[in-house]
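A single chain comes next, written as structure tokens; it is the form predicted alone.
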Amino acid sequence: MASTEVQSDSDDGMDEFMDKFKTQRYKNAFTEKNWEEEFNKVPMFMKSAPEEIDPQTYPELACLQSMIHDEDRSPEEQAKSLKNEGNAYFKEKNYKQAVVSYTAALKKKCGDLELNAVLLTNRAASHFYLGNMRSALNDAAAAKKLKPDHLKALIRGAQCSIELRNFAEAVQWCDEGLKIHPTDEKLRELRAAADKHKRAAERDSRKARAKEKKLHGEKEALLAAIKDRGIKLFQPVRPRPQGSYSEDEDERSSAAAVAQLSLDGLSSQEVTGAQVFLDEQGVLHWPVLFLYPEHQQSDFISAFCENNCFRDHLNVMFGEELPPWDSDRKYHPQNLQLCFEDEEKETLYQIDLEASLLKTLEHKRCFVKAGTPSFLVLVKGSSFQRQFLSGKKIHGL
């Protein structure tokens, strides 16, 4: 009788439990919308491992991780588990996390040299695909130190050296590897590539040195030509330290703007980048700037032959067509006055339009500033000319 009551109670209870499904849905059931997301939380069905494992979101995975990192196990066992974890990340191309796992494994400092060499080589591979070539090379070198015959370490070291353009070092890696693995095809391929790049780099270096030597010779010849003509290059003089004295103090005071003859004084500030050059006949050609202070305008001649006179160029610039800014049509060659300025003495020197550029540059008070001789152009008899020259010293050449 008692058993009948128990059976009856059991039946009644199950009926009541089953009746709930008719009116109330199971709260944790998968739906058509979330089943993929929920399945991806189960370690067996995960498509990729998360970078950070939150026990609340991934309880099963957190449990497995705690088993992998169980501190009660030997360092070798822990390192192997972390290596497998790193390999899984590597297969997923999650190289950053792979580096983290391999690094954690190496920190276990197990005594297995083979395992440590593998961990270093695997981390080198992860760094390689992340583009961290120097770190990858360091790991490959450390792996080779542990096991000199480790083929993957030798290959990775050669690959990193090539990427870092250390071709001679890459050849050395390959040669060391081929002594141990003489038939390995990958090492042979890498050595051939490294040797090819090495020869090309050496060839380019020889060409660059030859070009540099040629340019240096040309510059030396240019400076010698300028020096032989007595042309002076203007550069700002650095302030003399207080209390210091030198024997050439008088020379500095009389020509403070004259610098030592050097290439620094030939750097043109013009946007064209034009610079003085020496042609095959030994003639200098200068970039020359004409300034028109009345209209705040300028003209630039990129290659003014030192033997040409100023009138030749003025006839071209102010020939049939006058510039648009000359609204009064005053700038005819016969109406123009040409000067250069001695900035130190605040003195103007009038230039004979029939004189050559060389004759003007040879004048003792003419200085070439920033590699570009510059000249002022004024209209004779104009009110601006009188105003501009008032209070200034002017000399003829």
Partner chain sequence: MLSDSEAAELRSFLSPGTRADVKAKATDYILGLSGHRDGCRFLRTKPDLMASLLALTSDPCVAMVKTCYLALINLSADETLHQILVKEVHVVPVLLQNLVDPECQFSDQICTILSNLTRHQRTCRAVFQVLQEDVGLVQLVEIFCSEGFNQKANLHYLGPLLSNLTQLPEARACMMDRDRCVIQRLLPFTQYEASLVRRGGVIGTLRNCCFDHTHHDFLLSEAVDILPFLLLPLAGGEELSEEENEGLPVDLQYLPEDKKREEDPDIRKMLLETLLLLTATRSGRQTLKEKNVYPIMREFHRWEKDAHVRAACEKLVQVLIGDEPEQGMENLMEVEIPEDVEEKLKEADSREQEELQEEEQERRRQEEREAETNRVD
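Residue numbers count along the first chain shown, from 1. Note that this is a predicted model, so its numbers are computed, not measured.
Beyond the structure shown, there is the form predicted in complex with the partner chain, which is absent from this document and is the topic of what follows.
J.: Does the 4.5 Å heavy atom contact test between residue 188 and the partner chain in the predicted complex come out positive?
T.: Contact with the partner chain, yes.
J.: So, residue 74 and the partner chain: in the predicted complex, are they within 4.5 Å at any heavy atom pair?
T.: Output for residue 74 is no: heavy atoms all beyond 4.5 Å of the partner chain.
J.: Does the partner chain come within 4.5 Å of any heavy atom of residue 182 in the predicted complex?
T.: Looking in the predicted complex, residue contacts with the partner chain include residue 182, since a heavy atom lies within 4.5 Å.
J.: Are any of the heavy atoms in residue 225 no more than 4.5 Å from a heavy atom of the partner chain in the predicted complex?
T.: Looking in the predicted complex, residue contacts with the partner chain do not include residue 225, since no heavy atom lies within 4.5 Å.
J.: Which of these stretches, 188-196, 74-82, 153-161, 315-323, has heavy atoms within 4.5 Å of the partner chain in the predicted complex?
T.: Going by heavy atoms within 4.5 Å, the stretch is 188-196.
J.: Counting non-hydrogen atoms within 4.5 angstroms of the partner chain in the predicted complex, say which of 221, 200, 215, 113 makes the cut.
T.: None of the others qualify; the residue that does is 200.
J.: Identify which of 107, 91, 206, 165 has a heavy atom within 4.5 Å of the partner chain in the predicted complex; exactly one of them does.
T.: Selected residue: 206.
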